[in-house]
Ligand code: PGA
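Read the single chain below, which is given as structure tokens and is the form predicted alone.
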Amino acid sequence: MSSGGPRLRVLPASAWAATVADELLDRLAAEPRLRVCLPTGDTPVPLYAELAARDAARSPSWAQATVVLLDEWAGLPPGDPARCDVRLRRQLLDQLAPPPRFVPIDVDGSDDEAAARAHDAAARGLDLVVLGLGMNGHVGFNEPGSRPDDPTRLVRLAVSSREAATARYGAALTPTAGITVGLGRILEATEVWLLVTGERKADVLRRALREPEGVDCPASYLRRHPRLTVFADEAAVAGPRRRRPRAPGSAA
């Protein structure tokens, strides 16, 4: 990829998941020991469904790959339906046979800071990081205020992110904090993908790609990566310019 900026791939909504799956499986075929960091949220759900369907044909195998979880709510009990590890297992990992090695975030102990440090070590040396884009410009739980050298860490969640845990994902209680792979680790990866779908993401995608980088939109720092690819559907690129809301939502 050239140094002229992110590679933007604009795809019809009907082909978006299949095209991204093709690209990811190409990476896996070329590097069976692929170390990939995967998100949860709404955006990657059709991609994971496509990958699970492809795995039924056994091409190619995930057996030697490692999947590192991007982020996790703190304070939710094991098995809570909003947990990121629970959702990623259900949507993808449990449907892969044999499954890849999975590295969740250990939020079930008594020391979240120690869990963050341990996951920071696991997030080094990633071949690929796949991200969604939050309505407030976050990637993972790197909320506004995050900086490009941040490590994996315990963070305080934006109100909109807390509400997503219960309203969108059915959490038994509302978490106020989470652990996320930091922008510093994301920018160290060999390759970064940003997944963006839907008209409602048009304004924040425009902000992330075209306006000066800044802490108000952590996704804008991704432009520093020499191998950033944005996989957007047509609606996310062609959506009308609107005034950005005062209290944006968050689900990626």
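Note that the structure is a prediction, hence the values are computed from the model and not measured. Don't overthink the numbering: it's just position in the shown sequence, from 1.
In what follows, reference is made to the form predicted together with the ligand, a form of this protein that is not presented.
Trainee: Of Arg33, Arg227, Arg210, Arg200, which residue is found within 4.5 angstroms of the ligand in the predicted complex when only non-hydrogen atoms are counted?
Mentor: Checked against the cut-off, the match is Arg200.
Trainee: Just one of Glu188, Asp42, Asp216, Asp26 has a heavy atom within 4.5 Å of the ligand in the predicted complex. Which one?
Mentor: Of the candidates Glu188, Asp42, Asp216, Asp26, Asp42 is the one lying within 4.5 Å of the ligand in the predicted complex.
Trainee: Pick from 134 to 142, 95 to 103, 170 to 178, 117 to 125: which stretch has a heavy atom within 4.5 Å of the ligand in the predicted complex?
Mentor: So the stretch in question is 134 to 142.
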